[in-house]
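Taking the form predicted on its own, here's one chain by itself in structure tokens.
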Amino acid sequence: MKLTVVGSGYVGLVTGVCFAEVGHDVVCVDTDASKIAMLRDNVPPIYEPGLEELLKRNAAHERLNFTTKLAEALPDSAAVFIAVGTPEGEDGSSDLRYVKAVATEIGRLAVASLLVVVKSTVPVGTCDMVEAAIEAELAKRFPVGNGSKPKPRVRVASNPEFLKEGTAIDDFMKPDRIVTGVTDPESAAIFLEMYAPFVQDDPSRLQVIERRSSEMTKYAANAMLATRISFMNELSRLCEVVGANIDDVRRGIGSDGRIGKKFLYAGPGYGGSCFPKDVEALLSTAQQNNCELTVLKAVSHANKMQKMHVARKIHSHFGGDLKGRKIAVWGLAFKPGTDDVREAPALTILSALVNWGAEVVAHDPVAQKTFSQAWEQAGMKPSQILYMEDSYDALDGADALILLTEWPEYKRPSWTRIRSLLRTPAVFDLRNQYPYKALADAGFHYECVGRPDSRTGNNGGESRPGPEGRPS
């Protein structure tokens, strides 16, 4: 089957290479000529484990091609996926200008029956808008009467993505569910043919539902996961006050089958390309429809509070004076396995530390470039952060170490080496990765999130095994 994917960002590129991997002929389209040039050279513009290998293999087999012109890709395509960005507007709503632009162009170019699939994360009702934009252009080109050619039938469907950054290839190739929203049986049949290689062992994983319900499902899923994270972060603050251990609480409630164990880890707050944007977009949709989502408002507020709460831990430890203090940071990406720093807790926390007078020295295995760009886009000065290529080099002469992203290389560090490099032995473990009794016994001042620490004398708890995956 020939497929076209418009938008070669995170979602579009993963979608394209994975469809090509199972034998479909895919053309990826993007208006960014430099990005297309990189992809033609087999260089992915984003970091995602396994992506470059699939890109090279399928390009070599000529199942995957790239172009800046939709007109070159559209002919003979059975389906075209819209996977362009939907950035957050100032009011929290999704900016749909790029989605509408693609829909309009499809209407100007389509000459045969076609399924248009909205893959971008969009508010409820967007497929209706896409359908109207396409039909408006088709009506201009194929006026009724006067012996004109029959207008091609262009169907519009919803197919939200549920990819977790860092494991996106596995998520696409081995999906736990594929949600499709259609208005007719023919569209459902096309989806079944496209996705057959991914669900052949369990066809029930391909869910065919109503179009608006499909659009809502993506937002609902991310809003629920964000709610669990914010709930645990709020509990962690209470645990710190009353002397309870959030790890014990997590195990206790996670053992309840009605609750489950995933997304119950306390930390510095959620970030990334999906959770913050999707929560705000759902709140905006509710406001536009005069429907108040009080729980979700609290989720967003709690997340903002958590980022500043952990920043104040460092500020408070140094008596409210960070001038002249050198702070080492391990991890800048919002989660391990990606270079994505959009809405990353590091942006908020490090901005606060710098504004309080701290000198920040940072390391991240893959996200230093993207963080530096985001830092400048936020109006901060490049000179305010020094980046190191080696994680231990960031510690030399520092007054504290902050763990912000739980990359594997940070999990088992040499504490003897760390102690010898730090000017003052303070560790702020914002991912609850380390066994705090061992650090306290070794002479470190240790603080974490929602667990007893070196100040309390309570030695319970455990090191955290690692994060649950997060959709993107």
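Just so you know, these numbers come straight off a predicted model, no measurement behind them. For every residue, the number given is its place in the sequence shown, counted from 1.
Not on display, but discussed next: the form predicted in complex with a small molecule.
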Open item on the list: Would you classify Ser8 as touching the small molecule in the model of the complex, given a 4.5 Å non-hydrogen atom cut-off?
Closed with: yes
TODO: Flag Leu163 as yes or no: does it have a non-hydrogen atom within 4.5 angstroms of any non-hydrogen atom of the small molecule in the model of the complex?
DONE: yes
Open item on the list: My question is simply whether Ser273 lines the interface with the small molecule in the model of the complex - judged by any non-hydrogen atom within 4.5 Å.
Closed with: yes
- [ ] Verify the contact flag for Val26: yes if a non-hydrogen atom of it lies within 4.5 Å of a non-hydrogen atom of the small molecule in the model of the complex, no if not.
- [x] no
Open item on the list: Quick one: Asp30, Lys35 and Ser120 and the small molecule in the model of the complex, is every residue within 4.5 Å by at least one heavy atom?
Closed with: yes
Task: Interface residue in the model of the complex among Ser214, Thr86, Thr285, Thr167, criterion: non-hydrogen atom within 4.5 angstroms of the small molecule - done: Thr86
Open item on the list: So the small molecule isn't shown here. In the model of the complex, which residue out of Lys218, Arg228, His317, His309 has a non-hydrogen atom within 4.5 Å of it?
Closed with: Lys218
- [ ] Have a look at 95-103, 370-378, 235-243, 320-328 and name the one stretch with heavy atoms inside 4.5 Å of the small molecule in the model of the complex.
- [x] 95-103
